[in-house]
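This document opens with one chain alone, in structure tokens, the form predicted on its own.
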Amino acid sequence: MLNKIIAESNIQKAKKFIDKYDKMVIVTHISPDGDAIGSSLALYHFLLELGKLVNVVVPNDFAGFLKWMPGVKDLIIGNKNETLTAETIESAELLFCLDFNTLSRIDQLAPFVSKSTAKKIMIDHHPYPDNFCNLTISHPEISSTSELIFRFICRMGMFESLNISCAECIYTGMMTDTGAFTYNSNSPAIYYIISELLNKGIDKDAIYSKVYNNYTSGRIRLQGYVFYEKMQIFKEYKTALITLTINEQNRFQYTKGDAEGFVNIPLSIENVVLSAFIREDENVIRISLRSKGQFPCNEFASSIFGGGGHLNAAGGEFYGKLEEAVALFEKSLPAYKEQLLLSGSKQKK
């Protein structure tokens, strides 16, 4: 049995909204990952099962290895159809905000969501949520928003309405946000949920293969290049850094998602506590951070790059040149040296 993480008052309020309204829209964060797409499509299939009129809007495109998921063809890509996006959000009676805690995380969708007269429900697992929704279900202690969607459905007493498409999406989100259950995944509840999803008929081995064995040849070549040519190790700070320019991405026919997971790999190196990936994107530099132990990626991301996230996984953005972002990163390491060394020593025990 699952412990009742979500407050009963929040469950009852959400049920009233769902019972009252028919036109529903789900939105998630920019550059959506497996948990963002998984949780959004899981809720989409669940609400369809209840007979609701539902649309899912994402700010921009996402990785190809997620496009097998049931319901993907029905997604509205915000930056590809701005008129439809605006009309869809404006028509909503109930808005679900999934896997983000502040409007800045949905980029160009933010003005539409902000001015919407719809009731808004946030379901998210990132810390420090902003107060822009009528109902906020925020649990940073939970490993993924997809897990929260499972709990949300079950707490409403509607497990029978969770069909196999919904189950596949939940599992995908849970799997990808824990690195295939290799971090942030020690809770026994996670494996209880997996067993329930298996009972719904999912093929977890097939899902793993579709996500992790479905890369382009360009990605594999890019990965070799990144770790042979571009990785730096700062031994005195137990830190690894990889960088990637747009020209380098073009050299390897980069497609959306080809660098997904690169930031995790240096953590397999002995004595590396913090891994950073700084990538040049169109008009912005994107920073991804991962760590071992108790080193606070989210604190580093927030104070240096105005970002955020979780203890061991966070990110941010930098508006300037790639070399400026790298210089700022390197300049910031001495202030965190003690924490890095302490986290490293605890890992050895």
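The first residue of the shown sequence is 1; numbering continues from there. Everything quoted here is computed from the prediction, not taken from an experiment.
Below: the form predicted in complex with a small molecule, not depicted.
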(message) Please tell me which of K120, R219, H126, R155 lies within 4.5 Å of the small molecule in the model of the complex, judged by heavy atoms.
(response) H126
(request) Answer with one of E317, E323, E49, D61: the residue that has a non-hydrogen atom within 4.5 Å of the small molecule in the model of the complex. (result) E317
(message) The chain here is shown without the small molecule. Which stretch in 309-317, 36-44, 65-73, 49-57 comes within 4.5 angstroms of it in the model of the complex, by heavy atom distance?
(response) 309-317
(message) Taking the small molecule as it sits in the model of the complex, is R151 near enough to touch it, meaning that at least one heavy atom pair lies within 4.5 angstroms?
(response) no
(message) Is K292 near the small molecule? Define near as a heavy atom within 4.5 Å, in the model of the complex.
(response) no
